[in-house]
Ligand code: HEC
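As structure tokens, one chain now follows by itself in the form predicted on its own.
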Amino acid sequence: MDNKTLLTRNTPTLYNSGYQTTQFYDSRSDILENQLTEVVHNQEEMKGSLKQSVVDLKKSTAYSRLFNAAYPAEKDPLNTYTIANAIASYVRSLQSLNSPFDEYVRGDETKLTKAEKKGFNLFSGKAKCATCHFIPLFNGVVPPFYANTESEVIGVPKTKNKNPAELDDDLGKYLFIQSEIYKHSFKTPTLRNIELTAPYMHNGVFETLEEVMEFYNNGGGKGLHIAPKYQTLPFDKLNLSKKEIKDIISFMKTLTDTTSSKKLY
């Protein structure tokens, strides 16, 4: 960590991450405690040590008192696990489920315009967005039991250059599971607060939702002639009109939580 070098993957939102069943774009961790441990010790990120954090925090009577109160059943309340659990517990509190869409679903029919309703119908139908971004979380956590999280191979380009386009070289889930079908496979992220979380895709290649929709409308990597062998995104073009794309984007913006603030992102 030098405060200069950029990571290869785009940083996702923490909101609603407590509802995910896997962490990281490559799904290599299950619970938030394990995700946090990996980040802390990653040489390209925090380059830290939870063991050293225990030593440092025990020097503080205030922190010792707080951990004793929070973890009374622990023989030694301030340890690497309780530090990770305390932070993970805070992250689980970051819930974003009060958007205009949520208010509409709860009965306030004034919260969505006709265009936004049409966008929802397209999102769930012709555009096929909901086949990967499952409602109501709008991520890859699969209903009806919400116990598993899907990842997809969609053929994200390395840059926006189309002449010629080049497949991003990040192998994604394959680096974790080493199976051919997972090459360039990434966890389906949430679309909640998508209006506020640009840039988009695992590598941040797209800056606007219009660019994202163009990519999907043309068949993902297949449309750019860079499709990985096991692309899971349907190859066919969606044939969405400009008006339909505009309506879908209008709907996605209704997933912005009214209790959130842009400064948090």
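Throughout, we count residues from 1 along the sequence that is shown. These numbers were taken from a predicted model, which means no experiment stands behind them.
The same protein also has a form predicted in complex with heme C (HEC), omitted here; what follows describes it.
Contact between residue 190 and heme C (HEC) in the predicted complex is found at the 4.5 Å heavy atom cutoff. Taking the partner from the other structure, heme C (HEC) in the predicted complex has a heavy atom within 4.5 Å of a heavy atom of residue 209. In the predicted complex, heme C (HEC) lies farther than 4.5 Å from every heavy atom of residue 101. Contact check for residue 25: a non-hydrogen atom falls within 4.5 Å of heme C (HEC) in the predicted complex.
Heavy atoms within 4.5 Å of heme C (HEC) in the predicted complex map, among the stretches 108-116, 69-77, 93-101, 181-189, onto 181-189 alone. For the three marked residues, 50, 56 and 58, no heavy atom of any sits within 4.5 Å of heme C (HEC) in the predicted complex. Note on contacts: among 238, 40, 227, 31, the single residue with a heavy atom within 4.5 Å of heme C (HEC) in the predicted complex is 238. In sequence order, 152, 154, 156 are the residues of 141-166 having a heavy atom within 4.5 Å of heme C (HEC) in the predicted complex; the partner itself is omitted from this view.
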